[in-house]
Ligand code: NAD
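Let's start with one chain on its own, the form predicted on its own, as structure tokens.
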């Protein structure tokens, strides 16, 4: 039986409201209340019978509060995380936790000094498309992974809020990139030896509204991560090449489709007529040499993140999103910015 922890939320915008809604029905946390710098948002919380602290200091001084979730714009995280840790609270911070590596390291050091749990809300580890790809890899049915491509495409540009401004930590590398990079490093945990990144500014000149990131690992595996906000026809969410075949997820709402070969060579491959001639190399496979099947979407509960946090506080299990993982994702994002700014590949001599 897990002892519920008393939770308070700093920031009651879209993401803070999401955290509050889940906390209200949680089996592992009790929602003590929220604080937002905007009085109107505090009133919205009260209208839903949620306690709203009048000041940040009041929230942090509340002895009942054991755990704080910070759901504010990226540029405010550093001071809020420090204040909550110094007040003796365990801390969950929305991502990206910061834009400077040294500040992330300072937060981690402070958490260890205060003997408090500190982690980042990497909620998209519970996305069913990601979980399906991970299950396929772990099953071994497709053999060794060779390459994974991960994409998120939209067509509405960057939302007209702080996400479109540099000073507040906007842009797609820091917004969606932090999710997809974290997912990819879970799928391919090998050391990165080089990366190359280019960004787009189709709809926003101040921050990147999209990026294309290529990763090479010391194992020989490669990965590609792409986010676009000016794509009116979306490319597949996941595309994975393995030693025994290919897997694809067109859309997060669909099952994965897998094609696995049974026999590499056919006795007699018939050439295929194309517009400009014939080809044997690109002749399609048939059911004699390949099996085609689907992989059901996994069952997922994103609140398992909070369940893990509470159990980790009680020393019953390790926290899922570790300090090492937080730092590694941060280093990859910073290297992606460096690559895009210098138009050069970034290499890591000892691997990353």
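Please read these numbers as outputs of a predicted model, since none were measured by experiment. Positions refer to the first chain, counted from 1.
Unshown form predicted in complex with the named molecule; subsequent notes refer to it.
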Just to confirm, residue 38 within 4.5 Å of the named molecule in the predicted complex by heavy atoms?
yes
Can you tell me if residue 73 lies within 4.5 angstroms of the named molecule in the predicted complex, counting non-hydrogen atoms only?
yes
Hey, in the predicted complex, does residue 80 get a heavy atom within 4.5 angstroms of the named molecule?
yes
Under a 4.5 Å heavy atom criterion, is residue 237 part of the interface with the named molecule in the predicted complex?
no
So which stretch, 314-322, 60-68, 28-36, 284-292, is the one near the named molecule in the predicted complex (non-hydrogen atoms, 4.5 Å)?
28-36
Given that the named molecule is left out here, which of 94, 182, 214, 149 has a heavy atom within 4.5 Å of it in the predicted complex?
94
Please tell me which of 224, 162, 126, 202 lies within 4.5 Å of the named molecule in the predicted complex, judged by heavy atoms.
162
Does anything in 4-40 come within 4.5 Å of the named molecule in the predicted complex by heavy atoms, and if so which residues, in order?
10, 11, 12, 13, 14, 15, 16, 35, 36, 37, 38
